[in-house]
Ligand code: NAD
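Take a look at this single chain, the form predicted on its own, given in structure tokens.
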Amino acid sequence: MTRSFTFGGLPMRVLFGHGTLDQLSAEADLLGMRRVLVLSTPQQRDQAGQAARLLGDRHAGNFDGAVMHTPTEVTERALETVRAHAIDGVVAIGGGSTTGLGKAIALHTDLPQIVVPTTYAGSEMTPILGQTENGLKTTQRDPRILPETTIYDVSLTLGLPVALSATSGLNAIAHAVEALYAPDANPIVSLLSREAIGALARALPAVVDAPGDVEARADALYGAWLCGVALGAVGMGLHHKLCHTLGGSFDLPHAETHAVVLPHALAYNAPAAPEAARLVADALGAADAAAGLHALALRLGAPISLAALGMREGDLDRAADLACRAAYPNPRTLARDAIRALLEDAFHGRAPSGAPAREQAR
């Protein structure tokens, strides 16, 4: 018998396909945008220019200063541009850094957002904002943060470098994994999560082997979308807390950090969430969930150690302290020494503790 649960569907509009960016102008009209600010990172100015051309006379300016972890000082500079150009809507084109900046602007202004993802971040599907101030990354949830429209254009991901495709995809899988053992998990989100993990586990090796494989790219973007929906529907636990700590306080790269930490966080939680671990293993086609994730990262050539990302071993104690500073929902009780041991394994790139040393996909 299905247990009782609560499911709150989020109000969002999604366009998915090939060449869907061509509908940007019409989508801006639907939201009443007349003076649009296009957001990007410095590396994605060309794609921002493409969006600007499609917007035509609705385009009122560009801000290409988006960076990882959404520093509040960058948001303030963007807000100055919003005010100076009388902006009434934003288009964020890029990955999680650009999406985060658009969300931060919306939190302050309640302006409508259109997001055009070019990676597999998934954050465009959530009313959650993670931002960094004074070396600490915090998150908040607010209806104003949720983008009104997301345009998924598979063609925009064809040039995504293999390394970023791998880490971005593993980052997306982390959303679905944690959704399976969240305290407010429900059957709908669990279905989405299992489908999402399976799609990405199939697609990412194909993308690594043949970056121009359009069908694999479409499958990966589809999986990332579902992972984002799962992230937005329920609360997150240890994995995301650790990654926010490592990114916000030690300036580690976002997607790569998720890729490294995920198998270890799941190995930590698996004894308290055996059904979630079983579902992850099934979706991966692996005998053990944590070892399967570790094997997938190796297969994709993704980083598997915090040391490789620039973490210093001397900072592991502080990271463990910060991760345990505040209570948050997690299936297994947070024990500072056990979290420190988890970080030690992740630092050295060891196989996840408690998982088989080697795992082969079935």
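The numbering used is simple: start at 1 and walk along the sequence shown. Note that the structure is predicted; figures quoted are calculated from it, not measured.
There is also a form predicted in complex with nicotinamide-adenine-dinucleotide; it is not shown, and the following applies to it.
Interface residue remark: L164 is counted as part of the site for nicotinamide-adenine-dinucleotide in the predicted bound form, having a heavy atom within 4.5 Å. Contact check for T41: a non-hydrogen atom falls within 4.5 Å of nicotinamide-adenine-dinucleotide in the predicted bound form. Using a 4.5 Å cutoff between non-hydrogen atoms, I128 counts as a contact of nicotinamide-adenine-dinucleotide in the predicted bound form. Heavy atoms of T150 never reach within 4.5 Å of nicotinamide-adenine-dinucleotide in the predicted bound form, leaving it off the interface. Just one listed stretch, out of 73-81, 266-274, 94-102, 184-192, contacts nicotinamide-adenine-dinucleotide in the predicted bound form at the 4.5 Å heavy atom level, and that stretch is 94-102. This chain is displayed alone, yet in the predicted bound form one of L262, A224, A255, A176 has a heavy atom within 4.5 Å of nicotinamide-adenine-dinucleotide; that residue is A255. Interface residue among A281, M236, L156, A216 relative to nicotinamide-adenine-dinucleotide in the predicted bound form, by the heavy atom within 4.5 Å criterion: L156. The candidate site formed by T245, H294 and A346 is entirely out of contact with nicotinamide-adenine-dinucleotide in the predicted bound form, as no residue has a non-hydrogen atom within 4.5 angstroms of it.
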